[in-house]
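Encoded as structure tokens, the following chain is the form predicted on its own, with no partner shown.
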């Protein structure tokens, strides 16, 4: 392995990932720093440049929450980083008002995020994947953290920090039946939709047969895009449920995404937290916007009218097996209602199967003995034992303790404020340690 590049700088905070969560935190730290003094902050992201779900930004997809739930407005409506100020800076404020909607397309929201991220170029490094976070010990105490990353050229980097915030996002969930096909370019997760579809070979004179696995918003958006952008494609929408179910975004239910509801969830015992989260699953998981459901139903209805069955809706269907053969990807399907078995061949299979959120355990494995079972305080700081003086925060991995909004955009500004306040408190205490510890940190690389 090439010798790692080690930095002598001791950062106050290194952020793992630079998606919306850490971008909101960067703003909150900048604005707090104008009053309390700046911190030395650096954000690392494995993407080559700033993109928010870049491979899923099909032309028809819209944001599912109000633009007022941007990176700052709930915390500071006068911030120059608001979505409204972005529109003004790009000469589209009046045009957006004329749209008469609270829901911008995701393409525009991605552009808003890129615009905000451009203001933090000096504090961010792209193309660096964080591999591990290790302890820096002094007198058997964890006084700092060593962040090890690898850039796009394979070069390793080692940096030292007093605190980290892990906001690395979810990892694509691959069903067991497809794990053996992980290196087959014809089978891919929805997170890679645009890039993977662009690479699919066209079968000569034959329409592509494509399977979409899943019954949530991602599956529905992929179906609509394939219907519109690939007019010769034949698509099977395969889901275990009996129907596409609408997301519940009614006003009273939407209050579960209010910042105050985070307090309510956190104050409950474990059993009650689980009950609350399960009660409101229909707001976010395996559900689809009603407008999209109606459009998809219309597509299938018009097929009945025309008598031309281009697409197939396969509900109550499980995938028993998936193999690659000379005809493409062969799926063994089971109708869970009748028990009937069948086989279908496809040129491509899209896995709209969601995400797992366990990456934090992998990154923090070298610190496991200090972290217990990853219990998190109200300020999103992991509860460590007395030997660990460094602060470790998490964003997007705290649904079990903080509620459904933890993986969504709804509470970003408020959460960023809570973490920034906690960070300043703990950083001040940390810097009051002895000169010997400061010398240790300076040589910890």
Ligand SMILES: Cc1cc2nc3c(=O)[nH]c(=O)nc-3n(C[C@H](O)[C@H](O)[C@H](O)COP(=O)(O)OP(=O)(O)OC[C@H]3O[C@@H](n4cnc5c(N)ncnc54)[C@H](O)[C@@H]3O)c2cc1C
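Positions refer to the first chain, counted from 1. Since the structure is predicted, the reported quantities are computational estimates derived from the model, not experimental observations.
Note that the form predicted in complex with the ligand isn't included here; everything after this is about it.
Note on the partner interface in the predicted bound form: the residue among 42, 63, 414, 388 having a heavy atom within 4.5 angstroms of the ligand is 63. Contact with the ligand in the predicted bound form, judged by any heavy atom within 4.5 Å, is made by just one of 273, 311, 106, 360: 106.
Contact with the ligand in the predicted bound form, defined as a heavy atom within 4.5 Å, is made by none of 30, 77 and 420.
With the partner omitted here, the stretch from 326-334, 179-187, 349-357, 115-123 that lies within 4.5 Å of the ligand by heavy atoms in the predicted bound form is 349-357.
In the predicted bound form, at least one heavy atom of residue 409 sits within 4.5 Å of a heavy atom of the ligand. Residue 167 belongs to the set of residues with a heavy atom inside 4.5 Å of the ligand in the predicted bound form. None of the heavy atoms of residue 381 is located within 4.5 Å of the ligand in the predicted bound form. Residue contact with the ligand in the predicted bound form: residue 67 places no heavy atom within 4.5 Å of it.
Contacts of stretch 104-129 with the ligand in the predicted bound form, defined by any heavy atom lying within 4.5 Å, are made by 106, 128, 129, listed in sequence order.
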